[in-house]
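Coming up is one lone chain in structure tokens, specifically the form predicted on its own.
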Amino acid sequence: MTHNLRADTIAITGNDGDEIEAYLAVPTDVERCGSIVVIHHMPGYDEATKEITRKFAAHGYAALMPNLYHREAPGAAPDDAAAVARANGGVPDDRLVGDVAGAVAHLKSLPSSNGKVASIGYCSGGRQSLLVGCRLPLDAVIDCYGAFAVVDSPAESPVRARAVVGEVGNLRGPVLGLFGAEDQYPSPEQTRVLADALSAAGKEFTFRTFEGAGHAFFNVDRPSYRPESATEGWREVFAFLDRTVA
């Protein structure tokens, strides 16, 4: 079923009480629904990720994407804001967690909220989705090809990111991981390390690795897009959400 929806640019309270920009999409023909925080990829708060946010609302979930680069470049084009963020080494983890906590609070305050919230992230956002799942009481976590979850970013990388794998024992909800067999960030070997850590911690998780897909295979506006893998990946996402937060 495709739901009617409304999408708006709003302001939410983020880390340290800062007011930041966010994109909210909600179904308008439901009384109660689950919610999801959408964590954008390194290229930023862009049209492709806003389309993803609306897709969740069309499937009956309230979805909110905070602009993680709002402080660095308020009102800037996504590419320009992402360039500033990269130059600064990326989004600090503590600030990211605070901004997502603000997004969770906003979603739970909606009249339609059933009190359950998941997170999803792509690329750098995949790692960040796993991170917030370890540090916030989320009901479910989706990691789409998150780099540097089990290894720190290399010294030459413009982004400073530390491995999250050591925190997975703190996860409250189940994890869905969607990966490409031809990706190197993360590589299939790194994905197996993460799976082993989740197993050792006794956590519920489901991982899918798609043959013929590399990094960013969900990205409809990039050469990396793989329609068959993305379509199957979306089926996995909505089946997972139906089971955990609907």
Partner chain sequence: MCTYQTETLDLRASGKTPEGWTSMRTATVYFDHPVHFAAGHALMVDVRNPEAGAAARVALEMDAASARDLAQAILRVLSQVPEDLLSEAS
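Predicted, not measured: the structure shown is a model, and the values here were computed from it. Residue numbers count along the first chain shown, from 1.
This protein has a second form, the form predicted together with the partner chain, left out of what is shown; the following refers to that one.
*Asks:* Only one of 51 to 59, 203 to 211, 181 to 189, 26 to 34 has heavy atoms within 4.5 Å of the partner chain in the predicted complex; I'd like to know which.
*Replies:* Partner-contacting stretch among the options: 181 to 189.
*Asks:* Counting only non-hydrogen atoms and a 4.5 Å threshold, tell me whether 80, 153 and 160 all contact the partner chain in the predicted complex.
*Replies:* Result yes, every residue of the spot touches the partner chain.
*Asks:* Which of 165, 101, 123, 134 has a heavy atom within 4.5 Å of the partner chain in the predicted complex?
*Replies:* Result of the distance check: 123.
*Asks:* Could you tell me if residue 235 has a non-hydrogen atom within 4.5 Å of the partner chain in the predicted complex?
*Replies:* It does not: once the partner chain is placed as it appears in the predicted complex, residue 235 has no heavy atom within 4.5 Å of it.
*Asks:* Would you check, heavy atoms only and a 4.5 Å threshold, whether residue 223 touches the partner chain in the predicted complex?
*Replies:* Flag for residue 223 set to yes.
*Asks:* Does the 4.5 Å heavy atom contact test between residue 97 and the partner chain in the predicted complex come out positive?
*Replies:* Result no; residue 97 lies far from the partner chain in the predicted complex.
*Asks:* Hey, in the predicted complex, does residue 110 get a heavy atom within 4.5 angstroms of the partner chain?
*Replies:* Looking in the predicted complex, residue contacts with the partner chain do not include residue 110, since no heavy atom lies within 4.5 Å.
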